[in-house]
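For reference, the chain that follows is the form predicted on its own, supplied as structure tokens.
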């Protein structure tokens, strides 16, 4: 298959799926991953798509990073791996909190058949679980249209009325030196409210978030009980977190 034919198929696939990885494209085009990477570099240079780590996404997705569905598609394989591990921690009859993080959202597919109660401020989580066996409790308050989530004082008061066995939360940045950090006060305040009402807090965090620091430092590592991450986490980072007393699943 020549470049022009590969180009047409690559752009069609990216347009339909939003994002795609190199391995999928290599299988689709029946060519090598090296050839696919070379094609993606050329297409990205022409402004026809946006290169990501391990693949590509639509330009419109890359230029609107706040839209929830776009964030959920980034590092999808890593997030799904993390969420499979997280789902194994949930017991029948549990009450769990789920925040509005894009990684936490991908937990939905692995808990649909569990007889549990989910308390969440995430509109996509509610939509995803409405046709499942899960009982859903939507936190009330002001809706952030960009993040598709409920935030604010009333939301925090709602959370304070409930007690959960487990909470599953995301974070924008985590480091041994500074603890947890967020891109906004909204996410930080909801995370704190959830943690206060939960017996055991799980932080779902892909390896790209480890040892990174964001806009707002809001809590020490002691806020959570278990860190679940992916297999791409470097061994020295795993060792450092374990030495710091962090319970880590990966």
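It should be emphasised that the depicted structure is a prediction, and the values quoted were computed from it without experimental measurement. Definition used throughout: the rigid core is the maximal C-alpha set that superposes within 1.5 Å between two forms. Residue numbers count along the first chain shown, from 1.
We do not show the form predicted together with the DNA, though everything after this point is about it.
Item to check | Listed range touching the DNA, judged in the predicted complex by heavy atoms within 4.5 Å, from 196 to 204, 217 to 225, 24 to 32, 182 to 190 | outcome: After filtering at 4.5 Å, what remains is 24 to 32.
Next on the checklist: Can you tell me whether residue 45 touches the DNA? I mean in the predicted complex, with a 4.5 angstroms heavy atom cut-off.
Outcome noted: Heavy-atom contact with the DNA at 4.5 Å: absent for residue 45.
Next on the checklist: Considering non-hydrogen atoms and a 4.5 Å limit, does the DNA approach residue 52 in the predicted complex?
Outcome noted: Residue 52: yes, in contact with the DNA in the predicted complex.
Item to check | Site test, 6, 38 and 41 vs the DNA in the predicted complex, non-hydrogen atom cutoff 4.5 Å | outcome: Yes, the whole candidate spot contacts the DNA.
Next on the checklist: If the two forms are fitted on the core, does residue 207 show a Cα displacement reaching 2 angstroms between the shown form and the other one?
Outcome noted: For residue 207, whose C-alpha is compared between the shown form and the other one after core superposition, the shift is less than 2 Å.
Next on the checklist: Does residue 40 shift between the shown form and the other one by 2 angstroms or more at the C-alpha, the core having been superposed?
Outcome noted: Yes, the C-alpha moves 2 Å or more.
Checklist entry - Did residue 20 and residue 109 drift closer or farther in the predicted complex, going by a CA distance change of 3 angstroms or more? => result Closer in the predicted complex, by 3 Å or more.
Checklist entry - in the predicted complex, do the Cα atoms of residue 22 and residue 128 sit closer or farther apart than here, given a shift of 3 Å or more? => result Residues converge in the predicted complex, at least 3 Å closer.
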